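Just the one chain here, laid out as structure tokens, in the form predicted alone.
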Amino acid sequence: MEAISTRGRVFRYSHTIGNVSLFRYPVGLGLDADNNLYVLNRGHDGDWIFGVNKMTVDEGLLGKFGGNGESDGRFLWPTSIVVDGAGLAYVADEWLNRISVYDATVEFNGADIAEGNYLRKWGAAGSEEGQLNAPAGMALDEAEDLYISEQGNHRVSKFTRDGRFLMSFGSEGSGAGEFRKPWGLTVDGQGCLYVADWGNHRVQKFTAGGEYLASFGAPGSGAGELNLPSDVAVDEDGDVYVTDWGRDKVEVYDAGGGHLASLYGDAENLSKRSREYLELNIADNEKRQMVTNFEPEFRFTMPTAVEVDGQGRIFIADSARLRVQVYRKDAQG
């Protein structure tokens, strides 16, 4: 990949994490205080692989928890994950309309512990204030209260981490402050909230109290335009990253909504897991050598979630490709 240089920034592909042996349609990403990466899976290809992988950013598997099912500590249709400062992980389930809480600090020792670290759950289905209808994205603010976007109620609600309702805002529509199936959301360093407004093909920005501030992105397929945006993240410089699920790309904007770059996926290097697989499976490796054009393999297919850390790394859940692509942003020299 050629690095993208724009307005004092350089974006370049770094590496790829995972493959089909680790992930099955990853839809959510989280980071903890130690910069461990959490990858939430919610799909299957013959074999059900639901759960959360706890990883190092260089693809070391620390362990796994959760799993498919309706019982406590399991999921039916998980959507997002966040990890608080104490190392507790929160997973939203849009089918069961609940938030499950886990202790992510336990010693996994590389194992799948299923619901072994499950602590509790909260949430009740409905449309009244304090109830949930298809919870999708989650984000913690500085006080570690939890914002949750609700697709079914076309709104954002705010709760304490133990599930006490605080406030909600938004309703169905296309006007300022209205939503159509909002999905991912995040909080920036100033406490402002950004919401990926899926059905309206835009991102909206609000104060901590839900007052509308701005929107950016417009419907379309061109640079800076959006089609079914699924998640949003903001880095320490205020740059905004949006997974454009419908057009297989990630759009990058500055703090004022000005377009900076479009990322299309650049996974020229296989992940460690994929390289190890090919070393052990000679026949598959020989078949791979017959391919003359790998470029389609490099690109995103239905990127669903994005997360950033304090070291300039951008993590993108490349959902249908069953992997995470990692980029890095540096200051232009």
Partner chain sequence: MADRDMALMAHLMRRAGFGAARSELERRTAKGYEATVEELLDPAAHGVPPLDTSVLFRQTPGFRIPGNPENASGYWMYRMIHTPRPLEEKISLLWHQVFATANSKVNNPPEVVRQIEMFREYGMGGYRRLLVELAKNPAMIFWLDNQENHKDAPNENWGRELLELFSMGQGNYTEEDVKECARAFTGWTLAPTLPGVLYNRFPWQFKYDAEDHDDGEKVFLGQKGRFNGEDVIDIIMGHPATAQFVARHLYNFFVADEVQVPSWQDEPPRDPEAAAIIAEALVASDFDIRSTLRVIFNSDFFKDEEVWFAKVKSPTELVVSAMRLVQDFQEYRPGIWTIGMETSYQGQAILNPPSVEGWHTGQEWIDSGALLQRINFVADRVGDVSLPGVRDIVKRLSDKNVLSAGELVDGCLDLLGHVRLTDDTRQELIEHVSGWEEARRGETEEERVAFGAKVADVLKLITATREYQLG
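Positions refer to the first chain, counted from 1. Everything quoted here is computed from the prediction, not taken from an experiment.
The form predicted together with its partner chain exists for this protein as well; it is not shown, and the discussion that follows is about that form.
Checking V101, A139, L228, A261 for any heavy atom within 4.5 Å of its partner chain in the model of the complex turns up a single hit: L228.
Of the candidates L31, L61, M302, V57, M302 is the one whose heavy atoms come within 4.5 Å of its partner chain in the model of the complex; the others do not.
At a distance threshold of 4.5 angstroms between non-hydrogen atoms, K249 is out of contact with its partner chain in the model of the complex. Though the partner is left out of this view, L270 does reach within 4.5 Å of its partner chain in the model of the complex, counting heavy atoms only. Contact check for M290: a non-hydrogen atom falls within 4.5 Å of its partner chain in the model of the complex. In the model of the complex, N117 stays away from its partner chain, with no heavy atom inside 4.5 Å. Between 160 to 168, 213 to 221, 124 to 132, 175 to 183, the stretch whose residues reach within 4.5 angstroms of its partner chain in the model of the complex through a non-hydrogen atom is 175 to 183.
For the three marked residues, Y194, T207 and F315, no heavy atom of any sits within 4.5 Å of its partner chain in the model of the complex.
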